[in-house]
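One chain follows as structure tokens, the form predicted on its own.
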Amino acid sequence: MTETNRAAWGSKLGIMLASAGSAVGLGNLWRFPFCTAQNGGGSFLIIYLICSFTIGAALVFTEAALGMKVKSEPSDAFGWIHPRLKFIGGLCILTSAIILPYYNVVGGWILAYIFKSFSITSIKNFGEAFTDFSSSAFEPLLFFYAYMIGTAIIVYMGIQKGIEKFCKIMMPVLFVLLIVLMIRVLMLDRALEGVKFFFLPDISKLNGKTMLDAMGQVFFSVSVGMGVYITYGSYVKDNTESVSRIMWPVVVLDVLISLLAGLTIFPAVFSFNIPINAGPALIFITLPKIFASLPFGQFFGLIFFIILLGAAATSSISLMEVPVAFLCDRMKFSRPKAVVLFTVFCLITGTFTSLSFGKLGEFKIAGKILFDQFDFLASNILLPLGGFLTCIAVGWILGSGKLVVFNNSRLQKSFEFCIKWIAPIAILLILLKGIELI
């Protein structure tokens, strides 16, 4: 696919919202509150904000700048730096291909719970209800297939008519619904205790673990290391505007959604005196139980799962676009053919992943079911490894000065220093922590 006939975003707003949609996902609405709770609330929040606007922003700018420069998929982008570095782009594509099937299994669960929210008040034991649902052979697969096909249809429709149009609708809807839900939760008794926990720092919690967890949350939240921003950046037509002006809103919106999620979830769990560190149960067991006890609980439960679905969907389509772009650019497949082939791969892989909670639960690798194995491989190894290699390739081999992301010379030098020194050291620590070497 050449630059003259390559697909392109229809507007600057389109790439901003699509890129922000990639960053905004379950990591903001579940992982962020969970990590914040484990690390003392406000203390974690301060480090998270600092890291988001330094390391996180630098990584987003780097990937987007590569895509805008080369106008191709990740392996070509790294091949432009040096032919032997194409494997880094291949690693990013592989990471997206591994994450999407199991991520979409969770997307199927969310879709199912939109329907279940209508009968949320009749559920007696939310823990048993979720276990019965996730371990059954038919129902989770049905909703996974529906969610996967919905994702494929959006990507099939292309950049402007599919991804851009969907994100222009879904991102504002997600934002408005989250504010509505936040306002309702803040009206609960003892909600202020949750707000105080979220914003007031506990100095005693400021330690090495807090810093590593905050850096890790930023890294996973902004969705770097998967080639998404390289791919999305390659669809930018106008190279006259600086990368930072286009991509700053991505970081800002990602942080803003995390803050809104914290202001929604912490007041709710403090009001009902429920432990926040409930893991995946927070989404599918704890919060539904809270909504069920509220007046108009069905309505607010429905809003919550629509928010989750929107956040998951915008991330899913960005993950799918990475391997689809590779098949189109490098393999010269048509978009319809690329989407169909990759969808079949995801449906097969996701089927085994979904069944690992039930009929295939006894099949384990290193003591982990398939779902957990894929999650560990992608989140703890491939993602940070891809991010670390990106920093080395750009900061040390190419020279980050050859990727101009700021018109301001001081900001540009700060960016170059971050990509060459701060970001790779931080990501290496995240990688070592993920594989439990530190």
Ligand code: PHE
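So that the term is clear: the rigid core is the largest set of C-alpha atoms that superpose within 1.5 Å between two forms. The first residue of the shown sequence is 1; numbering continues from there. Everything numeric here is computed off the predicted structure, so don't read it as measured data.
A second form of this protein, the form predicted in complex with the ligand, is not displayed here; the remarks below concern that form.
A.B. asks: Spot the stretch among 183 to 191, 140 to 148, 314 to 322, 298 to 306 with residues whose non-hydrogen atoms come within 4.5 Å of the ligand in the predicted bound form.
C.D. replies: Stretch 314 to 322 is the one.
A.B. asks: Would I427 sit within 4.5 Å of the ligand in the predicted bound form, counting heavy atoms only?
C.D. replies: Contact with the ligand, no.
A.B. asks: At 4.5 Å between heavy atoms, is Y103 in contact with the ligand in the predicted bound form?
C.D. replies: Y103 belongs to the contact set for the ligand.
A.B. asks: Give a yes/no on whether C418 approaches the ligand to within 4.5 Å in the predicted bound form, heavy atoms considered.
C.D. replies: Result no; C418 lies far from the ligand in the predicted bound form.
A.B. asks: Does L17 reach the ligand in the predicted bound form if we count a contact as any heavy atom within 4.5 Å?
C.D. replies: Close contact is absent here: in the predicted bound form, L17 is far from the ligand, nothing within 4.5 Å, heavy atoms only.
A.B. asks: I have C167, F175 and V250 flagged as a candidate spot, so tell me whether each of them has a non-hydrogen atom within 4.5 Å of the ligand in the predicted bound form.
C.D. replies: No: no residue has a heavy atom within 4.5 Å of the partner.
A.B. asks: Within 4.5 Å of the ligand in the predicted bound form, heavy atoms considered, which of M226, I163, I265, A77?
C.D. replies: The option sitting close enough to the partner is M226.
A.B. asks: Considering the ligand in the predicted bound form, which of S117, S221, S356, S72 comes within 4.5 Å of it through any heavy atom?
C.D. replies: Comparing distances to the ligand in the predicted bound form, the residue within 4.5 Å is S221.
A.B. asks: Pick out the residues of 79 to 93 whose heavy atoms come within 4.5 Å of the ligand in the predicted bound form.
C.D. replies: If the 4.5 Å heavy-atom criterion is applied to the ligand in the predicted bound form, 79 to 93 yields nothing.
A.B. asks: Is G395 displaced by at least 2 Å at its C-alpha between the shown form and the other one when the rigid core is overlaid?
C.D. replies: After core superposition, the displacement of the G395 C-alpha between the shown form and the other one stays below 2 Å, so no.
A.B. asks: Quick one: once the rigid core is lined up, does G67 have its C-alpha move by 2 Å or more between the shown form and the other one?
C.D. replies: Not so; G67 is displaced by less than 2 Å.
A.B. asks: If you line up the core, does P384 shift 2 angstroms or more at its C-alpha between the shown form and the other one?
C.D. replies: No, the C-alpha moves less than 2 Å.
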